[in-house]
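The chain below stands alone and is given as structure tokens, in the form predicted on its own.
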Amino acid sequence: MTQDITVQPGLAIERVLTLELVRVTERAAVSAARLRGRGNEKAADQAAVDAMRRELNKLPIQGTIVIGEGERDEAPMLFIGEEVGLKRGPKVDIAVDPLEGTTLCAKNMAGSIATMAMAEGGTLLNAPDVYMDKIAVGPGYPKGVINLDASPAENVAAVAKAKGVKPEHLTVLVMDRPRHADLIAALRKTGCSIAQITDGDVAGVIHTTNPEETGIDMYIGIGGAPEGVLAAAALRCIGGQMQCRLILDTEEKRTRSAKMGIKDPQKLYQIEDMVRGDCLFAATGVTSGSFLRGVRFGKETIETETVVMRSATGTVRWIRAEHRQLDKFHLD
């Protein structure tokens, strides 16, 4: 039986849902991790989706999926517009990626995560499933230090100056894609270090939230727009900066985006345009990476590592859990 909880609206997300969010991403991560290295991306994604949906539907919320499973993954969706929760409690927008880095999980490579964000109802950007140009840095920089319309060299110089180091002491993360060849060449000329990842757009951006641990100062490149909203939620929680622009290079994309409420196809999005009001972000490691440790299966325990953040307080919690009641991870 779920307790009936009544709280002040401004406190609802923190008091009721912070640890509940952790449970949701933990369940999705464990379900996906059981299929690590099996070479079946769809099965792993399906397991994560099913686990996340089950846990979301146990929460005392009136939740609406605003960012769901993308069509590109060809997986059963937590679809956009789906209502989740017990249909009582605070109205919230939800963005999910039950298994980010499906290929990484299927090949048992580093960096796959289960992740989601939750915000007050009506405050998350309903981003179309298209590409988005992005640039991001973590906390501690003066506002406006990055500019999506500036050159890579100008952005590297600005961040290096703000950090008080030379450009060669910065590390910029870029996804390893042919479309980024010119970007990488331009970054090389600045003398900065470039780290590349094969998959995991959300994880890539959130590396900037903790540069002392990850070694990543800045993220630049083109990735999915839904993933951009998820990453923006994390950066909003810790005071990072991000600028994005949708890539609507066909009439079909422009029409589809207009139907989803995108009025200006050339709009430069700041974090506040994508995530308004109070929000929470959580991510649990599926396979171990430089940001989160993956699920570990013991004889009598399951270990998980999760980061959960809240924008209103700037709180970041790292939760390394040792689960002994293993039947909670079994299918209901």
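Counting begins at 1, following the sequence as shown. Just so we're clear, the structure is a prediction, and the values are computed from it rather than from any experiment.
There is also a form predicted together with a small molecule; it is not shown, and the following applies to it.
Candidate stretches 166-174, 209-217, 128-136, 235-243 - the one whose heavy atoms come within 4.5 Å of the small molecule in the predicted complex: One stretch meets the cut-off, namely 128-136.
Looking at 179, 188, 87, 161, which has any heavy atom no more than 4.5 Å from the small molecule in the predicted complex? Here the answer is residue option 179.
Does the small molecule come within 4.5 Å of any heavy atom of residue 120 in the predicted complex? No, no contact at 4.5 Å.
Wondering, does residue 223 line up within 4.5 Å of the small molecule in the predicted complex on heavy atoms? Yes, residue 223 lies within 4.5 Å of the small molecule in the predicted complex.
Heavy atom of residue 93 within 4.5 Å of the small molecule in the predicted complex: Residue 93: no, not in contact with the small molecule in the predicted complex.
Determine whether any heavy atom of residue 199 comes within 4.5 Å of a heavy atom of the small molecule in the predicted complex, and answer yes or no. Judged by the heavy-atom cut-off of 4.5 Å, residue 199 is in contact with the small molecule in the predicted complex.
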